Structures are given as C-alpha cells and as structure tokens.
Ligand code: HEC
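Taking the form predicted alone, here's one chain by itself in structure tokens.
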C-alpha cells in the first residue's frame, strides 16, 4: 500500500500510513490507526472555545476600550525615548513577537534576559510572562511600561500622555470616565512612580511627594491603560488551522475536510499523542496546560541563571495591580481563588510557563531565553535530552528521552506546522487613525 492510499474507517475514523524501519532498512509503510479513545483525545484539542471573560477587567470585551488599547499598543509616546511601543517587541509581521533570542527595545542600552513571548491567544492564559509574575492580561501590559529595559516610562507620564492629547483624553473618558486634573503641576508632577529599592530616585521622590488620593487616581488611570491594551489583545486569536479543519472533519464525518491533512502530519499527530509525549504539557484546545515546568534546557550563553516560576510568585503577590488588588474589578472572585494558596515550592525553581503551540512554527527562536533557533532544535532536545542540566532533588521528573527517529522528528514537525493560522481582521495589524 502506498502513502497515497489513505482510508478512513468508520470504526476508528482514521487509518494513517507511517513509514516502517527494520534494522535501519525502510520497509513497506505500516498502517497506524487511532482508536476511539485517541479520537476522543484529538477532539479535545479543537475547537478553541470563545475567549474567556476576565472578571478583573470589566472592559475586556468593550469595543471602545479595545480601540483605545489598539491605539496605545502602537503609540511610541509611551516610552522615555519616544521609540518604543508594545508593537516594538510584539510585531504582527513577526507573529506578534520580535524574532530575537531575547527582547531588545529600540534605543535600549541592553536587552532583557528572556525571549519575547508571542501574543497569539494570549487572553487564554492563566498566568502571564514566562514566570507567571502577572495574573491578568491587563496587569501584564503595565509591567513593560515601567521596566527601565523596555519602555522606561512612569505611570505619571502615561497619565499625562492621555491628558495632554485631546483625542486620547476624549477616548479615555468615554470609556473610563474623567481623568484627574493632571494640568495641576503641583499635584501631578511630569514623571513619577514607586521604586521600592531606590527611594532617592527622582521618580520615587516625585511619587512619594503626592498625596495618597492623587497617587490612587494616577494608579487607576494606569490600570485602565492596561485594561484597554488587554481589550485589544483579546482579539489576537488563532483558531482555524488545518488541524482544526481536520478535527472538524473527524467530528462531522466529512472526508473532504479530513483529506486536507497530510499523511506525514497524521503520523506526527500520532506521535504527539503517544511516543513523543508532547501532550503531557501541551494539552487542551490552546495546546498548553497553562502551568510551569522545569524543562532542563541549558541557559543561553552570557545570561544569568533564571529562577523562573520560583522568582515570579513574590512580585505577583506584592503587586498593587494584581487581580486581588485595589484596581481589580473583581478582587474577591476567581482571582482570589487563583492566588490564595500560592507558595514558592523549591520544585518550581527553573520552571517556566508552557507556551501555546498554535502558530509555533512562526515564532522562532524558542524557549525562555531563545536557546533553540528552530523547531528541529526543539525536537532534538526533547528527543535526546542532550546537554540537559541536572535536576535538583526536589525538581519534577517529567522529562524522559523519547529517542525519536529522524523520520519521526520530521513527521512531528509536519504536525506542528498544521497548527498555523494567522487569519485576523487586517484592521488589527496597524494603529487606528484615531483612538
């Protein structure tokens, strides 16, 4: 039977052909079938459900907030050097990332220490950043703004940008209500933010010189900036890939939709569900378990050892912009349940968030420090665990070398490429003419 003769049987919904190898010699392709339990498992990966609501952001599905957020996402005025916007590192032309090993903002003196994560399907996440130091999309959007290695901005400056541009001010107030009287310079300095470890910094002095009521008013404006940007980012959804069409065909018994899924991709899917063990972490309709794992990948050359999730919990728990903080729209609901019992267990040292695999073929390089340039490199590491760092006694033991053959690696990559869907409203790919 040749690889062109693929038959779909009602009993198992799919019969796939895989090349066979015996003692290094290629033999006739052997049929590979999905049994009923495997078909049910495959169907759990598609379709991607509707974007979940974020109770901590009352504006996450507000179209006016999303338009304002889209304008701010592309606005370089939200940076100290006037060169950096969110889009600088999350470029739609590069699948909402930057193509670099680690992030480097325009005009920045040095890069950050982690790879820029793509924004595809970001609203489905449970935690944000590689270490989960933010628990909502809106609070995540705020952190780069005040990071000296990224936007190098302050919350007071952001509030002034909104206030001093008549169109921005009008757009903000239509969604969130009146801005504070930021033209009163004695009350609201031009720049300022809290800096716990540098109390003598001019920004910290300006911030602590304000009344608590005025600081609260600026914090609320800053939080709303994050909520608007998050409302835009919830629209960056990838859900109609060749894989999704194939699964739809399985569910409907539509042979035409099934035939569009190549034989090598089908063999790769079989591996994904079995020998390759990808599903252990990359599960569910967004191909991620939403949690953190120590993958034992060596750090990038010249980059410090990264504690990962272990180092992300403290800044999350102390953030005034968390889902349980004073600027959350639902501090006592699910957000509190999510963080109420968080600890810093030793096994999470060096653990990083499982990213989605949707559009992964477009977001190289890979891993938290961009250690791997290609999907082939990623598969090689997980297949062999070559150069894997030793685990400490408390680390999870989730990884094993699966020893994929060369043709199996090619098939697995062929499957991963079927998770690609970049179809978006073109209007999202550039700033709107007005906020």
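Positions refer to the first chain, counted from 1. These numbers were taken from a predicted model, which means no experiment stands behind them.
Not on display, but discussed next: the form predicted in complex with this ligand.
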Is it the case that 117, 229 and 378 all touch this ligand in the predicted bound form, with a non-hydrogen atom of each within 4.5 angstroms? yes
This ligand contact at residue 405 in the predicted bound form, heavy atom, 4.5 Å: no
Worksheet item: Wondering, does residue 282 line up within 4.5 Å of this ligand in the predicted bound form on heavy atoms?
Response: yes
message = Since only the chain is shown here, I'm wondering whether residue 352 would be in contact with this ligand in the predicted bound form (any heavy atom pair within 4.5 Å).
response = yes
_So in the predicted bound form, is this ligand close enough to residue 385 to count as touching (4.5 Å, heavy atoms)?_
no
Checking 223, 247, 156, 89 against this ligand in the predicted bound form, the residue with a non-hydrogen atom inside 4.5 angstroms turns out to be 89
Checked 104, 204, 263, 182 for heavy atoms within 4.5 Å of this ligand in the predicted bound form; positive is 104
Of 123-131, 210-218, 165-173, 321-329, the segment with heavy atoms within 4.5 Å of this ligand in the predicted bound form is residues 123-131
Contacts from 412-426 to this ligand in the predicted bound form (any heavy atom within 4.5 Å), listed N to C, are 412, 416
